[in-house]
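Included below are structure tokens for two forms of one protein chain, each presented in isolation as structure 1 and structure 2.
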Structure 1
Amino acid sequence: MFIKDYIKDVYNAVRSLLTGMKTTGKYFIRPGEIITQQYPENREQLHLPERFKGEVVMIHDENNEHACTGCTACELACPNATIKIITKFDITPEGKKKKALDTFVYHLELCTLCNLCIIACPTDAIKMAQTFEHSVYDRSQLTKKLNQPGSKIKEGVE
């Protein structure tokens, strides 16, 4: 029994080795079919799939305006409290108080990239960016303020 198991193990090992060598030989002959990317050497040409999610970002236009109304729908949709919306009250030209975004705090270290906040946003103010190099030495750098300094809400967004 021992010899039979030993020969069977050697046979399976050689078979596995030849299967791997066949794949290696195939890519050696046809290098255009290689799908493995040599990161970070190819950082400039790196092409990520469209569905890749790296982090939540707030969209600002060239006038430093965003579409976030401070409704907190994204904060409520987040299952692990990654987002914290701090609001303030602005006075409209008609003299009425209106809730507005003061600070959009995003804790990247807590985010599971589930995309629920993006789906919940009624004004499409936030989206998933394709950035993925988030390593830092200080954990506090993973807490981000998404609205840019001096930014304001776009005209017509309610």
Structure 2
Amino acid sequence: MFIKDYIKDVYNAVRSLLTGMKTTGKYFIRPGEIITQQYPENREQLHLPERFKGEVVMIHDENNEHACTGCTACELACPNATIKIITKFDITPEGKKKKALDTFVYHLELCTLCNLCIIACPTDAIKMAQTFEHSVYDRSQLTKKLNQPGSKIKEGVE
């Protein structure tokens, strides 16, 4: 009886091994089903969905105009103090003082890409970009100024 059980055990073990090997062998002879991506080489074909959260950018139109009023809603919504908004006072044609955006400072190194600032923005001035290769040699390069030089607020955005 002992010998019989022993041989049965060996038979079952070998059979179950071969079942597994069959699955592996199936893929071995069909290399078309390989799913690995060759990352740096496939950069051209790499397509990220439009909702992908890469970094915060400010939307500028062709006239170099943005929609940021400097209301600091995004700054308050941010959990990590990633955003710092510096405002200035513009003089309107009527001669009144009006608060406007001077510099939109964005610390990418602190950002966790949680999307709360985008949701908080009342004028949709900022959005998430699909860039993801953020490594730089110096940390200070990750502190960015989001409004382009010379840009101003769009007409009619309050």
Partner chain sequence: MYTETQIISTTTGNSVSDALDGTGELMINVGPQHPATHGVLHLVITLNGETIKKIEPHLGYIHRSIEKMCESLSYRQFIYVTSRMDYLSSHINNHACALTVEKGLQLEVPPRAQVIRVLMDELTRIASHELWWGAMAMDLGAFTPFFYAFRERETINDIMEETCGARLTMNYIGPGGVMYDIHPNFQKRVKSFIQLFKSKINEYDELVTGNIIFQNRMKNVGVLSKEDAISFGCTGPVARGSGVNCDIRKLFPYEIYDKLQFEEITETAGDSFSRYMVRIREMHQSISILEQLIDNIPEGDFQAKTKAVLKLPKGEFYTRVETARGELGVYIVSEGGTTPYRIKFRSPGFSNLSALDHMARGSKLGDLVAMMGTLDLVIPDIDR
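Everything numeric here is computed off the predicted structure, so don't read it as measured data. Numbers given to residues start at 1 and step along the sequence of structure 1. Note that the rigid core is defined as the largest set of C-alphas that superpose within 1.5 Å between two forms.
K.L.:
Two forms of the same chain appear here; which of them is the form predicted alone?
P.N.:
That would be structure 1.
K.L.:
Is M21 among the residues whose Cα moves by 2 Å or more between structure 1 and structure 2 after superposition of the rigid core?
P.N.:
M21 C-alpha, core-superposed: shift of 2 Å or more.
K.L.:
For V10, does the CA position differ by 2 Å or more between structure 1 and structure 2 when the superposition is done on the rigid core?
P.N.:
Superposed on the core, V10 moves its C-alpha 2 Å or more between structure 1 and structure 2.
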